[in-house]
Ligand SMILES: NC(=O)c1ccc[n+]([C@@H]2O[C@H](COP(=O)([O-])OP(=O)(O)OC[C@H]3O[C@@H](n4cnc5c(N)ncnc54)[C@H](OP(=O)(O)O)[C@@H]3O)[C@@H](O)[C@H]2O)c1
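To begin, one chain is listed below as structure tokens, in the form predicted on its own.
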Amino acid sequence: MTGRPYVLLSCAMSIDGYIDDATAERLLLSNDADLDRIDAVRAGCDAIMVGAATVRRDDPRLLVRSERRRAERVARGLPPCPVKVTVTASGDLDPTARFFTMGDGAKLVYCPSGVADKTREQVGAVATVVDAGDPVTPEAVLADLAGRGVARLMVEGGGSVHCQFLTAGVADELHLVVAPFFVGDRRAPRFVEDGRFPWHPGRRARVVEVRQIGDVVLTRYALSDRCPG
């Protein structure tokens, strides 16, 4: 396999751009119909990535929920669910998190060289730990994933990971869902952090779809020429 994987970013946010609130409980932004759409997108990918902060805060399973979609993947010679991927700067991961314990598929953890030994001690028994250099860059992660046969990567957050892929210019498509309410708390995390992005007033991203899904709105943006119309 040559070239990097196709990178699809997926995010839900409030009207004022927040992806969570400042409480300990996870803020639900999508509705059931949109969560089913996300499940279908997951089923069409080879790997799903979230940052280590998302693993710690949200404890996601990152599995294809639909039994029919899992069966369709198996019929195509694929594992029931995509490979799970996370990136950690500190190596502080709990091996009992659902990211590691749920699903029989491969789990990959990318970390800087300086914490590789620590990360292997923490989760080496339940995942493959990859020393991705220092600092870990999206380009390094994508190159390694390509070598493992990953052709299509879905990045589900959080904001720091999305920001890194966007500012590096290695995102091909963005699915952005807006929930019909405000968070209004600057302590809460936003969709992206400050940065220099390839898309700006002089270079606008291309909108390829706008769709109402119940009470939320999905906008699909093409961020590269690799994204179909």
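Note that residue numbering begins at 1 and tracks the sequence as displayed. Here the structure is a predicted model, which means the values were calculated and not measured.
Just so you know, the form predicted in complex with the ligand exists too; it's not on screen, but the next bit is about it.
For I19, a non-hydrogen atom is located within 4.5 Å of the ligand in the model of the complex, even though that partner is not displayed. Proximity of L218 to the ligand in the model of the complex: non-hydrogen atoms within 4.5 Å are absent; the residue sits far from the partner. Taking non-hydrogen atoms only, M154 never approaches the ligand to within 4.5 angstroms in the model of the complex. Proximity of V126 to the ligand in the model of the complex: non-hydrogen atoms within 4.5 Å are absent; the residue sits far from the partner. Only one segment in the set 69-77, 100-108, 145-153, 87-95 has residues whose heavy atoms sit within 4.5 Å of the ligand in the model of the complex; it is 87-95.
Note on contacts: among L174, A179, V161, V183, the single residue with a heavy atom within 4.5 Å of the ligand in the model of the complex is V161. Taking a 4.5 Å heavy atom cutoff to the ligand in the model of the complex, the contacting residues in 22-61 are L29, G51, A52, A53, T54, R56, R57, D58.
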